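Coming up is one lone chain in structure tokens, specifically the form predicted on its own.
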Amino acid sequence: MKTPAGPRRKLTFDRVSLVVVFLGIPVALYLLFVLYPFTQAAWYSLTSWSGFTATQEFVGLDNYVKLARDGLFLEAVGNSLVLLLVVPALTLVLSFALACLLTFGGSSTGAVRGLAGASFYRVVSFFPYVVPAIVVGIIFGRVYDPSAGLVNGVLTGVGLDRFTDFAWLGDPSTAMAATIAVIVWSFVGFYMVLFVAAIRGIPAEVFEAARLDGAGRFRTAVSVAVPGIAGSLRTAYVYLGIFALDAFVFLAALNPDGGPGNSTLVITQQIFTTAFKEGRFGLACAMGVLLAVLTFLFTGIVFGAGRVLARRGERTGPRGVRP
């Protein structure tokens, strides 16, 4: 049976202007400032362009073959993957734990509430995020100073004399860990505030039900808060993962030469060195293309895994907590 066609919508000025302003212009800007530069970089990655000539010699996949055999670049890829795995996980765990304390970690009697002075903690913990990354890097460069830094001063003050002149950023065994600590410190407060807002979006009755069922704070966090803010956690993980694959500003401020023994060298630093210090833009663009592919893969895996877990959660519901 043929379905009768609905009334045709007229192309009024309001409708056309809405499409042009809110769809046409954003798409045009996206094509101009995102897709075109990316396509251009992909083309340059197939050339031996030095960055200072009007023409580019086509070399095919030679740049990618060089990168596959370049031990230094592979070392940078490994360090970037370490940041990708550690920075988001550590930041999100700390942020989520603090958010739980500030939302339902208070007294176990009466209404569900957070720790006393939660508003003060939220404001104070947000401060590191508003400080520019380059300033944070410079500050912590002084904090880690072997001879006059705050870290060694505190450690030697409590009797740990072996840290009198310990170079946290100059020792291969501690350089990456010290750098990760700075990045995590910068972002924990912001994501804590984000998670506090997300947890407060969960109905208070759910937390009351969890308490009546005898769930402790840890069980409430795992069974109520995590499913309730899964979307925020997934988005935060993607943002932090993308940042971890970059992290150029922090690394350039703390370890501009890649750290001792290249222990903190990351892909973006290698791109900068290859392009602007060695004048090999074609090879640098190949690195950039591989970094973009790695970023797309990471984002796809996170959203794919999140969708699978969400479907499984819809089938099973919150574990052990009655709605």
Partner chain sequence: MSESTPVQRRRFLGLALAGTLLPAATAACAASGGGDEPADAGPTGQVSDDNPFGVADGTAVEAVIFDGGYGTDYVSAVAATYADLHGGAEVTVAPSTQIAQELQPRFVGGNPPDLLDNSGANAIGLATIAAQLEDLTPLTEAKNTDGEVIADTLYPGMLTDGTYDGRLVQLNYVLTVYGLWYSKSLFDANGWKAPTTWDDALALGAAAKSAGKYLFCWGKEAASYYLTLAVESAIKEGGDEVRVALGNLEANAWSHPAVQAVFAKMAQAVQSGYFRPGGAGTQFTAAQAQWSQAQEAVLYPSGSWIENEMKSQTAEGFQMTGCPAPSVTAGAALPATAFHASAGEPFVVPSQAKNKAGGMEVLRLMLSKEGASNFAETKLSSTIVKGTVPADAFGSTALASQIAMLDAAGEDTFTFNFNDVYGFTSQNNVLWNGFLSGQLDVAGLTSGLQQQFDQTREDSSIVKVQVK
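None of these values were measured; they are calculated from a predicted model. Note that the rigid core is defined as the largest set of C-alphas that superpose within 1.5 Å between two forms. Positions refer to the first chain, counted from 1.
There is another form of the same protein, the form predicted together with the partner chain; it is not shown, and what comes next is about it.
Residues 56, 262 and 273 all lining the partner chain in the predicted bound form, heavy atom within 4.5 Å
Yes, the whole candidate spot contacts the partner chain.
Of 231, 172, 216, 153, which residue is found within 4.5 angstroms of the partner chain in the predicted bound form when only non-hydrogen atoms are counted?
By the 4.5 Å heavy-atom cutoff, the listed residue in contact is 172.
In the predicted bound form, does residue 255 have a heavy atom within 4.5 Å of the partner chain?
Heavy-atom contact with the partner chain at 4.5 Å: present for residue 255.
Using heavy atoms and a 4.5 Å limit, would one call residue 38 a contact residue for the partner chain in the predicted bound form?
It does not: once the partner chain is placed as it appears in the predicted bound form, residue 38 has no heavy atom within 4.5 Å of it.
Does any heavy atom of residue 145 come within 4.5 Å of a heavy atom of the partner chain in the predicted bound form?
Yes, residue 145 is a contact residue.
Can you check whether residue 25 is within 4.5 Å of the partner chain in the predicted bound form, heavy atom basis?
Close contact exists here: in the predicted bound form, residue 25 approaches the partner chain to within 4.5 Å, heavy atoms only.
Could you list the residues in 266-286 that come within 4.5 Å of the partner chain in the predicted bound form, counting only heavy atoms and keeping sequence order?
Stretch hits, in order: 272, 273, 276, 277, 278, 279, 280, 281.
Honestly, after the rigid core fit, is residue 17 moving at least 2 Å at Cα between this form and the one not shown?
The answer is yes; the displacement is at least 2 Å.
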